[in-house]
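Heads up, the chain below is alone and in the form predicted alone; it's given as structure tokens.
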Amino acid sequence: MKLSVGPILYLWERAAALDFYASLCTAPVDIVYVGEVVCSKRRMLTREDWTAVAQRLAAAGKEVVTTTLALLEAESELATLGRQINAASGPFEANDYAAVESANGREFVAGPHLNVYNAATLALLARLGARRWVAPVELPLATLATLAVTRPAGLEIEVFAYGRLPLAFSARCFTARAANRPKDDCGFVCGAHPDGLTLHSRERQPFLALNGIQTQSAAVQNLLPHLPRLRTAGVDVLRLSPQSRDFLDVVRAFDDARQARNGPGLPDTFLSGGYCDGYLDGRAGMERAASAAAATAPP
């Protein structure tokens, strides 16, 4: 079973992002996704920066995948998408069907933001060049296991195993709105929230997280306690979504688990929403199975 590091979903300062990718060169991960998924205005890293990051990771033996926007809102973004795909030296992740169409026969990763819930769609994407499928976060494990049996030959399955769940996108920028700023003059206020802006319910419970035009869960999905079930279901890759703190500890915990080694275990999340895993068994995503508590207990 492989470990992947998903794209940074937040707006981090250039130095912080570069340091993060440098730390992954020696981390026990197999695949690293680079590029912007959420907002086309976020350009802390230049095209030259991304090229240098990709080259450094590839030299360290990592598979590097260029990711693409999940919501295209303008012709200029569509043109940028085409240039991005053409410039990618390796595979790319398609998060919109415009990216799938732009593949033109090239191999790609079908990202988690494509609506793929049945074998027919999966087969279609494989014919178009998909070599890996990242399942939608809300897909129950029982459905995933059924699709794994009938999947096209050679198609890998990846699941979102750790991180705040990406739930939805909108043309509106919720973070800018929260700061009383218009979207076109946002001042990049999302940069003040390196793990998203937590939204609380009227009962003052963490409920959602705002990340620009993206809505996330306040809780962090943690599938570490379910790793044996995921392996049995046919999952090939576990995706760990970057966070601003303790990320290498998370990587090491998942690496220990996949190699059946005793280790310090997973640290408690520093984010106020705690852990969740409800979608895995067809329940509300924000729920947490009782067995998940074992993930944070010392061995």
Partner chain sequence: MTREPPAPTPPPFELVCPAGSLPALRAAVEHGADAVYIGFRGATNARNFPGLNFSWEEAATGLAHAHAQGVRVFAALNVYPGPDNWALACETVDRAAALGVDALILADPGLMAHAAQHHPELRLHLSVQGSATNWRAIEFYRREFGIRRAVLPRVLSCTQVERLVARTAVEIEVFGFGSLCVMVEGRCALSSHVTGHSPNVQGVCSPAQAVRWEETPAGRQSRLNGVLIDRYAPGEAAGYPTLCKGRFEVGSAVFHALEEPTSLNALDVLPRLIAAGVRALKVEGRQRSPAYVAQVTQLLRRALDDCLADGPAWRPPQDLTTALDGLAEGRTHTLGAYHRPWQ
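Positions refer to the first chain, counted from 1. It should be emphasised that the depicted structure is a prediction, and the values quoted were computed from it without experimental measurement.
Omitted from view is the form predicted in complex with the partner chain, to which the following refers.
Visitor: Within 4.5 Å, heavy atoms only, which of Ala88, Val189, Leu72, Ala135 is in contact with the partner chain in the predicted complex?
Guide: Looking at the other structure, the residue within range turns out to be Leu72.
Visitor: With a 4.5 Å heavy atom cut-off, would you call Arg283 a contact of the partner chain in the predicted complex?
Guide: Although the partner chain is absent here, Arg283 would touch it in the predicted complex, with heavy atoms inside 4.5 Å.
Visitor: I'd like to check something about Ala126: if you look in the predicted complex, is any of its heavy atoms closer than or equal to 4.5 Å to a heavy atom of the partner chain?
Guide: Ala126: no contact with the partner chain in the predicted complex.
Visitor: In the predicted complex, is there a heavy atom of the partner chain that lies within 4.5 Å of any heavy atom of Ile157, even though the partner is absent here?
Guide: Ile157: no contact with the partner chain in the predicted complex.
Visitor: Hey, in the predicted complex, does Val149 get a heavy atom within 4.5 angstroms of the partner chain?
Guide: Contact check for Val149: no, nothing within 4.5 Å of the partner chain in the predicted complex.
Visitor: Which residues from 1 to 39 come close to the partner chain in the predicted complex, meaning a heavy atom within 4.5 Å?
Guide: The stretch does not touch the partner at all.
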